[in-house]
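Read on for two forms of one protein chain; each stands alone as structure tokens, with the labels structure 1 and structure 2.
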Structure 1
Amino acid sequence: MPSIETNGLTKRFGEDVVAVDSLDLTIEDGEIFGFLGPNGAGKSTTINMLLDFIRPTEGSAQVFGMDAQREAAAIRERIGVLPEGYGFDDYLTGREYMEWAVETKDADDDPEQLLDLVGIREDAGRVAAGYSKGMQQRLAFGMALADDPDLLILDEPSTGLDPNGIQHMRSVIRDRAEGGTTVFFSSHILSEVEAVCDRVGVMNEGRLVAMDSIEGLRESASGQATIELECASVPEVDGVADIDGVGSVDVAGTKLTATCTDPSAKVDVVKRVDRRAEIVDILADNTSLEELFNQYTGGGRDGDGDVPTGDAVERVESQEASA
């Protein structure tokens, strides 16, 4: 049974805002799923529907086979959530918040241990409202971990965390996933998703525009790879441009730059040049997932809205005018 399944899930706000448009999503038990997309792509709206914070206009969502709306309470027994837009606005300490989460979940966890796990045990006696954003994020993450949930839903979990915090959170997520927890990881930061997820779904303008493993996405990229070779002397370029998969070759002084349409052609370029000139340095640059992400999402809010057609890419007919 999939952990999360949505069928034609749609949410409209008013007449003409379609936040989520006929989303069909299946997240299998035990996977770490990355839910990627620019701001306003509909990621949080989807999560809010999974949690029954908001109600779908059409379609349905199921968590562990239970209807997100009708069986919200039973679902909440089995999930841990790091929500977006939360606030610690009661006059309670971090420890009291954690104790409250543990008590509400009827969990056996030791609140101290959870506080320790997310690195805020020393500050647990302070009022949570006074925490920095990063510390609040740690506390919220710790509360989500209580009662070892079967599914972790994390909405932009790295917000406000320092690099150490991000590293640590990743390792905790991986630990939990190894223990059998399904993880639904929503983020607009590609490297975040790349670092932890098995599979990725890319949202844009309320629609799922790509769904694959990280490797699969990379392969489906129509982008190019470049290789720069710094040589001891001015390299000769004869024949380099004739190698299969090489688009163009450019020499500037002792530096040769080849643009490859097929990334595997880079090796051939190095071999060919090395026969005639001593190579001092190599700089290779694959199409970054960053570029791929921009391709899928048309640059997000800041792009011109051109989304290329392709196997994994759906044409988005209209682009909402940037506000």
Structure 2
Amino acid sequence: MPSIETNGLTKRFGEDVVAVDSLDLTIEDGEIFGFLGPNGAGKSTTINMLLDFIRPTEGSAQVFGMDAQREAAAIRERIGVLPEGYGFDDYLTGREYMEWAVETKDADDDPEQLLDLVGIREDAGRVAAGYSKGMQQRLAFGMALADDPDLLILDEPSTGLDPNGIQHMRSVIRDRAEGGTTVFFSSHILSEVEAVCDRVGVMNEGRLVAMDSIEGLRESASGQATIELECASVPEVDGVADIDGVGSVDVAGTKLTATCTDPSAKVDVVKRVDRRAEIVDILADNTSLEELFNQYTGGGRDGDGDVPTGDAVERVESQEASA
């Protein structure tokens, strides 16, 4: 049974604003799923509908097979949530907040262990309102981990964290996923998504415009991939440019560079050159996640391009049809 499933999920605000438009999404049990998109793409609105903070205009959402609106209380008993922009503004200490989270969930966790897990045990006696943004984020993440939830919903989880904090959070997320926890998180930080996710869904202007693994997105993207081969001697290039999916070939000394319109053609380039020269080093340059993001979102909110309507959308539509 999927941990999260939406069917035609739609949210309109007034007559003119469609925040989420006919979202069909399936997140499998134990998966780390990244919800990617520019600000205003509909990511947080989707999360709020999954949590029954707002009601959909049309469509439905199920969490653990339960209706997200009718059975919200039962769902919340099994999830941990780190909302975007969570802050602490009263006079409780970090330890008191963590104790409150454990008590509220009627959990068996040791608050000290959770504080240690997120790296703020030494500062647990301080008033949380005086924490830095990164420390508050660590505390909120630790509170979400209380009672070992079956599903973690994280909205922009890296906000305020320094590189060490981001790396540590990644490690905790991976460990929980290996233990069976499903992780669903939204982010516009591309490196964060690429580092931890099994699959990615890309939202743009309320619509799901692509959904696949990072490698799957690269294969269906319209960008190019470059491969550089350092050879022991000057390589022969006869026939390399004729390989399907190869756009251009350049030789400079003992280095051959091939630009491929089809990333899978890189393998054929290596095989062809290897038959004629000794290859001593290979450097492959894949389409970056930033390039993919720009292609699928038309540059995001700051771009002026059109959203792709070819392979990326066809891939989503075929997945939806077979679901």
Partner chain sequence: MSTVTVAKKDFKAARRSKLLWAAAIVLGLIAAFVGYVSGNAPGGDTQQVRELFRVLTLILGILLPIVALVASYLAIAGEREGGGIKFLLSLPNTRREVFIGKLLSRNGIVAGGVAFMYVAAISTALTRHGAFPAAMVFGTLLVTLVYGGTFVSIALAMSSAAASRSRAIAGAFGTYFVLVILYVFPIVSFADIARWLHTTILGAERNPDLYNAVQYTSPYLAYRKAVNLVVPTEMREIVFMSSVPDEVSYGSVEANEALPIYLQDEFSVVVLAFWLGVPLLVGYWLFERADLE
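Structure 1 provides the reference sequence; residues are numbered from 1 along it. Small disclaimer: the values here were computed from a predicted structure and weren't measured. Superpose the two forms; the largest set of C-alphas matching within 1.5 Å is the rigid core.
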Specify the structure that is the form predicted on its own; exactly one of the two qualifies. 2
Once the two forms are fit on the core, has residue 59 moved its CA by at least 2 Å between structure 1 and structure 2? no
Inspect the rigid-core superposition and answer whether the C-alpha of residue 231 shifts by 2 angstroms or more between structure 1 and structure 2. yes
Superposing on the rigid core, do we see a C-alpha displacement of 2 Å or more at residue 261 between structure 1 and structure 2? yes
Relative to the superposed core, what is the Cα shift for residue 271 between structure 1 and structure 2, in Å? 10.6
